[in-house]
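Have a look below at one chain only, the form predicted alone, in structure tokens format.
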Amino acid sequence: MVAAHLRHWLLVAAGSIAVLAALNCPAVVAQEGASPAEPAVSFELDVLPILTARGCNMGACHGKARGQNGFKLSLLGFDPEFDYSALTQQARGRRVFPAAPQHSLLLRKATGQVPHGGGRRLAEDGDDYATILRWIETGATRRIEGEPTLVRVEVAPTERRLRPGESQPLVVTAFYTDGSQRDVTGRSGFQSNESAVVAVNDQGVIQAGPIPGEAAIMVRYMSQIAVCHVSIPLEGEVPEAVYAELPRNNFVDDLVWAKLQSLGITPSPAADDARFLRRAHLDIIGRLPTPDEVRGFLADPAANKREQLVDRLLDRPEYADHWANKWADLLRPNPYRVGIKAVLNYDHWIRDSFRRNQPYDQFVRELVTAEGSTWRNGAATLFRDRREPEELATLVSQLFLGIRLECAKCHHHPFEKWSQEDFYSFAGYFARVGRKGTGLSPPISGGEEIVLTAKSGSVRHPLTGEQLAARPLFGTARDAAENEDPRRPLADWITAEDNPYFSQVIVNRVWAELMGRGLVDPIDDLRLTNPPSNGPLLEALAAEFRRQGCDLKQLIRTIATSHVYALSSEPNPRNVADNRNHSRHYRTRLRAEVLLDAISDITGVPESFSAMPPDSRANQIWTHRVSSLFLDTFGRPDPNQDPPCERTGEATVTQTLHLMNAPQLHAKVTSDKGRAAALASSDLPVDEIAEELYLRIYGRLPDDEEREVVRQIFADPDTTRRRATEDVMWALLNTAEFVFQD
């Protein structure tokens, strides 16, 4: 009992001392052994960086939402006030023990003297231990007199070319408001975005691997980030003449060739006319070329026939539905949540914008500032679906700026500079979005709703409760005039000429659609720690897009008429490992709607969709709620998923089995009214039937070996002419050459 009472008294005493220290009470004096000549220890500038560098406040430890074993810190130290309180005042203040600093629970746990789930984080003879010990010895104060503020960090070197196996130490320097600077390398965190290419250890030493390529090494010190760009060129010399003699159709080629030359990568040759024709059709209008179109293009002797083809395709009506269908994934909500009529109007607004080739900045402006009836202005449906300022902030920033703010809603963004204050200040632009009508009543939200500007509305910081004025994420924006909708100044700022994110994210999105991979990947995650594979090209495309009046068709034309777009997908020995720099064309699986429409066109049997007019195509469907097992199998978004929905182009076993065995596809191939039946009943010789099928499915003529295989199938005495035609068609539909875009 005596021991228990004594232990209780010590805990209370320790807690009292810690509270006095937290209040800067003079009753807490410096402990014997602390040298007056040593500089004072700052909690924010000295202690917090140690906790961050040693992983104490990471998401896997005490920085998680509920903390760990009753001890919670703010993620990555974004809230110093909270962390100071957690260390000195919570748990009766026993985590720091000024009466006997070396017995503080903070130090004993971190050094493994008592059981600790996070393991040993500090060495008793190390500088970090000594710093925290001295902080506790000197009273564990919150701030010291004249304490400066961290402004930025820099890493040296910022760029480095390494040979395979070579290493390079990094040096991180922190700069403060009083003009001072510190070497903080030992208390910084390091992370590589391509660790297989270039790795980095906890001490900041980068190590080049055996694979040529590039990597960005992120350096984090507290809330500040810096990046070192590292490249490993392919070994072996390539004569400069190789790059000098490459075709150059426009600036895209110049910048891609320059990047490839810096890495010692050589591009693949150009694709042949047949592959280019199929590629351009699928990319620009989402449908296969007909046999007559293939024959005509192959026979055309014009030197500029590829440029002429791109222009013709951009003028075709199918362009609007194909590209509007892509944007529908990003914008279109669940009709069971917001109402069928509202979603139908929203879909019509999106498609009409593409039919009119509306300038992209105007498209965004109309959407961000939409108001009025959801039954009359489809764009207003966005604000019927997303009803909270926080929801709208994350959607708008991701889609139109390529900035993913979601993390900053709860804490400082772990890979960027955005804070909670940045997030909620940006959300403030949507605080006065008002609504009048029946509201939502899922799953039958059928009523009309009017989106308007409310007389008042505000957003508050979730921790401080402070009411935050609407403020852009960077730069400046004009204040809203009296009675003006705050979304209008926001739209001006988003689409402004000096906002690089706006044009860069859309050109990156279009580039990814045409080239198989974005210059930045993921395509809507533009940040310092996720650099583009070719920064000068991204900037040049964005500048050209602005110069052309934000015309999406002209942007597509610029990319599609470059020589880079026309490259073959076949690798050579010096680009076989390249999957980022577009030294060859990257094959992708056909989009679900494109694939289903292609099968319908090939078989001659149209698909029938509920809630759609007869002969509608898959890319004209107004909602993913329209039933289709095929589209679901091939990756269209879940109708219950909130937009924006990014699709993955991965092939699956289920997709392969569906193509081989689906009753609906079998019915199309074997239909009495289908193309196979018509070809079999015609007078065409076998070779011409083979040509027709190859032209329709692959967009090319069969070679001699393929012709011979078809002849053998038709010559089988146990099969009929119709069965042979159906078998060949079915076999070709089940090949990678059909399912993938080359």
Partner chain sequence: MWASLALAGVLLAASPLAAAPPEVKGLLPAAVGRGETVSLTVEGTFAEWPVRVLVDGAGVTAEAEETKGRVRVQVAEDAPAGICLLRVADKQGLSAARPLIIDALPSLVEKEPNDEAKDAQLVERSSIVSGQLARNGDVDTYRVRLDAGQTLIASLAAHHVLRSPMDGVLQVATPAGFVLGQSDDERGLDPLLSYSASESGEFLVRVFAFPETPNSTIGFAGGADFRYCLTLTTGGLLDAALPMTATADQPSQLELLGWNLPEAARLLPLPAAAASQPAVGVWHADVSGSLVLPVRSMPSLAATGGTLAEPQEIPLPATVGGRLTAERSGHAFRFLAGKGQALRISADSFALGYPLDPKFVILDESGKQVAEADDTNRQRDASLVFRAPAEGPYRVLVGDLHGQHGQRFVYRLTLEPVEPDAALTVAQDAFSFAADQPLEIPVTIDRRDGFDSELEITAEGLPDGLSASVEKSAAKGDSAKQVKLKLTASGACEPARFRVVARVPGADWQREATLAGDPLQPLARPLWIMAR
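Since this is a predicted model, take the numbers as computed values, not measurements. Positions refer to the first chain, counted from 1.
Heads up, the form predicted in complex with its partner chain isn't pictured, but that's what we're talking about next.
Interface residue among 648, 661, 640, 610, judged by heavy atoms within 4.5 Å of its partner chain in the model of the complex: 610. Only one of 478, 348, 387, 312 lies close to its partner chain in the model of the complex, with a heavy atom inside 4.5 Å, and it is 348. Only one segment in the set 269-277, 582-590, 329-337, 104-112 has residues whose heavy atoms sit within 4.5 Å of its partner chain in the model of the complex; it is 329-337. Contact check for residue 318: a non-hydrogen atom falls within 4.5 Å of its partner chain in the model of the complex. Mapping the unseen interface onto this chain, residue 306 falls outside it, with no heavy atom inside 4.5 Å of its partner chain in the model of the complex. Looking at residue 549, you'd find every heavy atom of it more than 4.5 angstroms from its partner chain in the model of the complex. Interface residue remark: residue 436 is counted as part of the site for its partner chain in the model of the complex, having a heavy atom within 4.5 Å.
Residues of 440-466 that come within 4.5 Å of its partner chain in the model of the complex, judged by any heavy atom, are 443, 444, 446, 448, 450, 451, 452, 455 in sequence order.
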